[in-house]
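Okay, here we've got a single chain as structure tokens, the form predicted on its own, with questions on binding and movement later.
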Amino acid sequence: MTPDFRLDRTLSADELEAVLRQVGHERYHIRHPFHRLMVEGALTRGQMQAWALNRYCYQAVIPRKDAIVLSRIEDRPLRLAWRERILDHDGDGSTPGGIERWMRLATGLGLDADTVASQRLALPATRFSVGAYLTLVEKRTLLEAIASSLTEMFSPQVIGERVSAILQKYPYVDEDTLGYFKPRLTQAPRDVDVALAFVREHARTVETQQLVVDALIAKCEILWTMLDALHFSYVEPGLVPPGAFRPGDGA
């Protein structure tokens, strides 16, 4: 394997999983400067609001993404397992899902719920990134679509770091505001077990294994790009595009 994750031979399932975890170690957005500023307590309230407002666009699209994947799965047990992801984020009509819990985070930071839900103040790059994720799971193979979800292998680490830091360093945020994150500590590992088992079973040639690796890289790049846009617009150089959120808007 080359430094840019080009495979030169067929890997065992364990070797493939190790490569996928290395992708996350090197490319997951826990290393992004915007995230590092957040956990250092260096973001302003307005910058935190911009993050919550833009990330809502991603949270809101997750059940749509999973519905696309679900529609492509022929294996009934796998469909039943994948369906749980949609309930986790959409809720079941009586128990709030991840979208509602993220909205609680946004309003807890002082944003207006209708403004956040409209997504009209989101950065153009956020919309493009979210659209790219939908295109990935729709147009690429089912194996690639499922592999792209494996960023969840790394989410417990970023959640643990983020929640602890925010509670310590942003006094206007409390545990109720961050209620989105606690369920993800159990949901994400459950989802990883399902997706990783599928990838290990079906990626058995160097060609399919390369597709899997590339799909995970693409997903990491989508998440990284979203933080790139936030950093460019709200940190350095601070150039907010026309029509996008500015601190003080949407509150």
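Predicted model only: the values in this text are computed from it and were never measured. Note that residue numbering follows the sequence shown and begins at 1.
The same protein also has a form predicted together with another copy of the chain, omitted here; what follows describes it.
Taking the partner from the other structure, another copy of the chain in the predicted complex has no heavy atom within 4.5 Å of any heavy atom of residue 17. Among residues of the shown chain, residue 169 is not one whose heavy atoms approach another copy of the chain to within 4.5 Å in the predicted complex.
In the predicted complex, another copy of the chain sits within 4.5 Å of a heavy atom of residue 129. Taking non-hydrogen atoms only, residue 187 never approaches another copy of the chain to within 4.5 angstroms in the predicted complex. Across the options 101-109, 118-126, 82-90, 177-185, residues that bring heavy atoms within 4.5 Å of another copy of the chain in the predicted complex belong to 118-126.
When another copy of the chain is considered in the predicted complex, only one residue from 27, 65, 35, 55 comes within 4.5 Å through any heavy atom, namely 27. Using a 4.5 Å heavy atom cutoff, 135, 231 and 242 all lie near another copy of the chain in the predicted complex. Shown here without another copy of the chain, the chain has 222, 224, 225, 228, 231, 232, 236, 237, 239 in 222-240 lying with a heavy atom within 4.5 Å of that partner in the predicted complex.
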